[in-house]
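Only one chain comes next, encoded as structure tokens, the form predicted alone.
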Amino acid sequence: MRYFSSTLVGLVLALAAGSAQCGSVEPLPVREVAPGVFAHAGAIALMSEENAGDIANIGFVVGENGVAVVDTGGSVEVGRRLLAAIRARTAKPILYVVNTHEHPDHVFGDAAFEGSGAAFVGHRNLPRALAARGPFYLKAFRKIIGDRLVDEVRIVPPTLTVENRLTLDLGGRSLELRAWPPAHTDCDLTVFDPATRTLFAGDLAFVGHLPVVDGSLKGWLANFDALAAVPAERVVPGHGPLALPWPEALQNERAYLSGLANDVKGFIARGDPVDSAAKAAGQSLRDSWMLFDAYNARNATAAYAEYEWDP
């Protein structure tokens, strides 16, 4: 007769329980980009019912004592599939669910992790952002991704907020969280794993997908040097290919945002109206980006409003 340790028996039972909880949910495809660091690449696309909101890069990190999730996707369906992917790899408890900012493609899957015992973590401004925009997002995205997906969504405020920096202990592995000044949004948070030098940059890093300005273009440009100085080897951007070299992955984004700012300032200096800037600013870089027509005019309009009254 073979005897098994209580630890092994407990692991087997926990995995079985996790499998039962996930039921027949198909695990989200994830890639181990570094030891114990897993990421899923969302489609470079607009959210839709067809893609179930699966357009953002999300992932998780496994320590000796438990798991930290980094963003949960654009629907509860995607969140459940992420949970199934975690349970396919470990029975360790989920200790933290980190939201890198408030946009629906990153947080609409949060409800899949309610009841897990995890602490929800976000930037100090995230509670206010979710309270202000959550009802609008639920109403607006009902038309975009459909009633079935939105009916399950719950806006989950963080139970733990990051003022400046915060370290999360996963047991034998610590994650360094950093709250940034307004840039992509006013609640951008990054997650850095020093053990593997892997950075989850959230939407402070776009690759392939045109960057979206929903916070402050000036702030984003001002953040670049400090962001590039994070001692990472690889990055999981908010959108685009996984595990790219850091900080080289920022080059195209920085060129686009700098060029957009310069173009807009030129329109303002000539006294041209915002409509002209929206149509023409940034156009020289359009061939470098996907979804350019979906977001560039909006970016230019936001930039115009930000630079219009500069001395």
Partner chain sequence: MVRSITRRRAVFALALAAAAGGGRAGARAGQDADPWPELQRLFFGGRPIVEDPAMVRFEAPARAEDAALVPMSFSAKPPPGDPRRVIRLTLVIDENPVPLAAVFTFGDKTGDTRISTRVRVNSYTNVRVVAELDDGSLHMATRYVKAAGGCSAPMVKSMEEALATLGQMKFRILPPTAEAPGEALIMIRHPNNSGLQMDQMTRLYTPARYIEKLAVHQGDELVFAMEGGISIAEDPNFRFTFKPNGAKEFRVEAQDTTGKTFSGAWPAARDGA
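Numbering follows the first chain given and starts at 1. Remember, predicted model here, so these are calculated numbers, not experimental data.
Note that the form predicted together with its partner chain isn't included here; everything after this is about it.
Checked against its partner chain in the predicted bound form, the residues Ala34, Ile268, Leu285, Ala41 give one hit for a heavy atom within 4.5 Å, which is Ile268. For the candidate set Gly171, Gly146, Gly208, Pro135, a heavy atom within 4.5 Å of its partner chain in the predicted bound form is found for exactly one residue, namely Pro135. Per the 4.5 Å heavy atom criterion, its partner chain in the predicted bound form is contacted by stretch 268-276, the sole one of 59-67, 242-250, 268-276, 255-263. Under a 4.5 angstroms non-hydrogen atom cutoff, its partner chain in the predicted bound form has Ala131 among its neighbouring residues.
Among residues of the shown chain, Gly122 is not one whose heavy atoms approach its partner chain to within 4.5 Å in the predicted bound form.
In the predicted bound form, no heavy atom of Leu291 sits within 4.5 Å of its partner chain. Gly79 falls outside the set of residues with a heavy atom inside 4.5 Å of its partner chain in the predicted bound form.
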